[in-house]
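In structure tokens, the next block holds one chain alone, the form predicted alone.
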Amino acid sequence: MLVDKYFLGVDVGSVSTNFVLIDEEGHLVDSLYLRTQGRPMQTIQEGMKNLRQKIGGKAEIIGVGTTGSARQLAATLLGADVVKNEITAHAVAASRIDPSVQTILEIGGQDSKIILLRNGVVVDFAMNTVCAAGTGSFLDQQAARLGIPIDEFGKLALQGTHPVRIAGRCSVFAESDMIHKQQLGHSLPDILAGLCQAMVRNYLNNVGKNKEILGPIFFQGGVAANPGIRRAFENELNQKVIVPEHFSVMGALGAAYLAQEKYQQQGLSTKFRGMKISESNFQARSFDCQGCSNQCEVVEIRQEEQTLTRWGDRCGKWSVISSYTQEKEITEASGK
């Protein structure tokens, strides 16, 4: 019986968790977008259950890559072969699609980043994880406040003929300014177009400050679905901005490509724990180590009675302990 073989890429962020399956030739076979909702372990399990139902029994995962803010957690649960940061994953995905790409503008649910590539190599990057202004969560909030579906936001912004000037350096000030402009009688399309321009100015003045933005330019992340933001970028940069086909899952796609590269280069068998992890019982807990004055908070991931991994200790005392543990160890470490 022929078995379809795939590489799995998983990107776990604070807002969304994305899954991508590619075949041995690197073609995207399937993708999945789920809201993380502060429950990364459960969301990963839910995603694997959905993928299992889609690809059925005639499939084999031969490589797994993880990325995102919870990439270590995802790697532990799944048994990943490659664990990489978001910068690397996004750059790899974009370079596979267009090897000549030189700039990546990425705006997600709660952060944004810019990545500069020259000859396929990342030479510079910057991230903004402090302020919500200019991220997907802020757009969601404003769309909800205005009573419009988020997928209509960009289309309405494109209808604006005289965009109003909105202060975009702070989400609180931006919202207050929008309300003020509404009270003055400005049309909704002009206000939304003004907000798109304000977000782009904020991004370029902070994340993109002192960066040499050269084309081709890719716009990635969930906010790339907004054509109003894309047009604002093109107007500010006076350059074409390309939104790739799989813009919303580029991190996961890059992780899958990295898993494929490792498999092709090393030919090692995968560490993947199997599609049935959706049925496993995982628990996360933490304890304070009293071994020295650092008093590190150690995070532990367990499956049933087995400890899969620990992290958070500076000295490595706990992260190098064997996979099985006794309750006595935790009790002694916490001083209880």
Partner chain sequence: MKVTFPHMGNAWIVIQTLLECLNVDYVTPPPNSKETLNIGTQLAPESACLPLKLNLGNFVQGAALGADTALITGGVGPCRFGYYGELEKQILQEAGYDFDVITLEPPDGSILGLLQRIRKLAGPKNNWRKITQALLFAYRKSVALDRIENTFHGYRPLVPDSNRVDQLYDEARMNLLQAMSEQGITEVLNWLSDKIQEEKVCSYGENYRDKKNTLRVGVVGEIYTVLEPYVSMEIEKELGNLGVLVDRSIYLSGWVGQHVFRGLAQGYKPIKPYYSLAKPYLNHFVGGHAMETVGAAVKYAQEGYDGLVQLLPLGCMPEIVAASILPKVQEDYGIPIMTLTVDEHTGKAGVLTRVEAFVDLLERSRIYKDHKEGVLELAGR
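Just so it is clear, the structure is predicted and the values come from calculations on it, not from any experiment. Numbering follows the first chain given and starts at 1.
Keep in mind that the form predicted in complex with the partner chain is not shown, yet the notes after this line are about it.
Taken together, D23, G215 and E234 are entirely out of contact with the partner chain in the predicted bound form: none brings a heavy atom within 4.5 Å. Taking non-hydrogen atoms only, E297 approaches the partner chain to within 4.5 angstroms in the predicted bound form. By the criterion of a heavy atom within 4.5 Å, M127 is counted among the residues contacting the partner chain in the predicted bound form. Under a 4.5 angstroms non-hydrogen atom cutoff, the partner chain in the predicted bound form has Q265 among its neighbouring residues.
The partner chain is not drawn, but in the predicted bound form it has a heavy atom within 4.5 Å of V123. With the partner omitted from this view, the residue of Q141, S176, N85, N205 that lies near the partner chain in the predicted bound form is N85 [heavy atom within 4.5 Å].
Exactly one listed residue, out of V92, V249, A80, A193, brings a non-hydrogen atom to within 4.5 Å of the partner chain in the predicted bound form: V92.
Note that among 226-234, 184-192, 93-101, 144-152, the stretch whose heavy atoms approach the partner chain to within 4.5 Å in the predicted bound form is 93-101. For the stretch 135-158, the set of residues having any non-hydrogen atom within 4.5 angstroms of the partner chain in the predicted bound form is empty.
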